[in-house]
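Heads up, the chain shows up twice below as structure tokens, two forms, tagged structure 1 and structure 2.
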Structure 1
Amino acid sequence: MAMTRIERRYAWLGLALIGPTVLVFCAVIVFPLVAAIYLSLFRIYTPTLEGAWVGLGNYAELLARGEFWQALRTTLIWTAGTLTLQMLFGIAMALVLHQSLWFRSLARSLVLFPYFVSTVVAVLVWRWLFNDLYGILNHVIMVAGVSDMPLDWLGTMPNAMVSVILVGAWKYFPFVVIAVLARLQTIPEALYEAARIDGAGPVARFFDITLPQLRDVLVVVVMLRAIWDFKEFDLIFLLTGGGPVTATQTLPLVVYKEAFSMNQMGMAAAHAVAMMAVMLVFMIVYIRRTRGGQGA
């Protein structure tokens, strides 16, 4: 199939327009990605950056070490926990905000705000709320009589994990709200009318109409949030630093620790690559789904 001259010219123009982007992509993403894999084959001392080839040695060591497996488990617990809460709160809040509510747009802004606020701000605020002596949470708990001792929210287990999961849910559930709300607004009112005529109550309407209509968007949201929660660094690092000891140390934190506390750049790269391999599963499922959706 011969292209006409003008078609070829357009193709070149298209390439020229994407060219700068591709260059930047190669320089800051593709090259580092390959380099990360390459680095993982060396033993590198971070301060001097001197390295020695160890082949797959880092990986062998990593798999043999309990730390990697423990971190993987922690990551999965954190992801599953915070994701579940995000989805539950998110869907519920979206349903509430979809109703006619007094000052709805103000309510919506207030609910969305945590998502856009910097993680640093979120963490500072929560650490102040969690503060053992003057934190408002401990005060409330003691006044309410739940406990007569201030709780150590971040320094003991399982409190630390619960706290991290809660703050994660608070910070990221608005994403679910926005996505679900947008989809809710496109469900035709006629569907509900028809169900109402057929005598379906509110609960039946939710399970028979709303939930099936939301299915596609929920799948996409779960995949996206799962990927993002899995790789979350800031929130956990800043809240607990992985502690107490290593109880909330997820994989991204291990990467950071290996590279900049243990000064083992190669080992850190091996952890990063291993973590990406796990994530790849989610990513492929997600990409599959969105591709299919776009073809339609």
Structure 2
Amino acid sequence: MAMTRIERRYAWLGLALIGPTVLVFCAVIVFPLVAAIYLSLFRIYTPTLEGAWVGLGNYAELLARGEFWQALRTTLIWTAGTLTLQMLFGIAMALVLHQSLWFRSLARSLVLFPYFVSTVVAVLVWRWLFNDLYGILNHVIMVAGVSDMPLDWLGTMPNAMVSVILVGAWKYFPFVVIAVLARLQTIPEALYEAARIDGAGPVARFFDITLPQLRDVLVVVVMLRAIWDFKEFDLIFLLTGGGPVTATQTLPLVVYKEAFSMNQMGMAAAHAVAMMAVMLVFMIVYIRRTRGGQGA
């Protein structure tokens, strides 16, 4: 059936409206992705961007390296640790700020401070707090009698990993607070009133009403924060630089080192593509499991 003149005009209007979005999507996502895959097939010297075709040779060398697997393990530990703390602290803080407190407006403003402060500034403050000579944390520990000697928070393991995870959780948990608090404000109060009449206590109301109501937003928050934490670079780089030695070196730090320290842009691109593939696999598994749970 032939299209009328008005239908053709609407079709062209739709193309004109969606065209800029498609162009931006191709410019910021499709082109960098294709370029990274293309570069990963070459052995390229970073300063000159010249090199030879190696095909899948970079990937074969990458998989044979112990450094890649160690960095992947470190990245998963960092992501799981900081994401768990973000969810726990974020949900707990959102529940507190949802109550009728006289300082609630001020607290809601202050809780966003870690998320909005510059990463560089936050790291400088935390490095001062962790300092083994004049850091306030060591001072408190020694005054309290917990330890006779100052602790090396960023120079030994597992202290360095624990410190990085704690700082990451502190920096990014306000995002969870914002999302969860927004959803809490839309839950009908009648559900809680009915539960109180049935004799349900606070714990029962949380697991029977609040948590199921938060499920959809938590699925999105976990997925977004997992992606962002998995590719986190600046906080770890500024806090420990991947040290001690390579104990806190994550995959983004390996990409940076290969590209600008080893001057191997092709190998860096291969690491970046491998990192994207790992994230993609985990996200597909996560989405399928969450959809399966919701369907059940």
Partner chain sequence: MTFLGRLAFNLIAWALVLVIAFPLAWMVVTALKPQSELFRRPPGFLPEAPTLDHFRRLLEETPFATYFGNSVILATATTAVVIALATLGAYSLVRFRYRGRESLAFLVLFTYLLPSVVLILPLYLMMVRLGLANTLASLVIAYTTFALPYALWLLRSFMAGVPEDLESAALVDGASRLGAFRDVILPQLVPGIISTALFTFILSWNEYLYALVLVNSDAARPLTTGVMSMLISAFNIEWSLLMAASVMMSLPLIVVFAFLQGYLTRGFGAGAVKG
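Since the model is a prediction, treat every value here as computed from it, not as a measurement. So that the term is clear: the rigid core is the largest set of C-alpha atoms that superpose within 1.5 Å between two forms. Here, a residue number simply tells you its place in the sequence of structure 1, counted from 1.
Label of the structure corresponding to the form predicted together with the partner chain: It is the first structure that is the form predicted together with the partner chain.
Would you tell me if M276 moves between structures 1 and 2 by 2 Å or more at its C-alpha, with the rigid core held superposed? Result for M276: no, shift under 2 Å.
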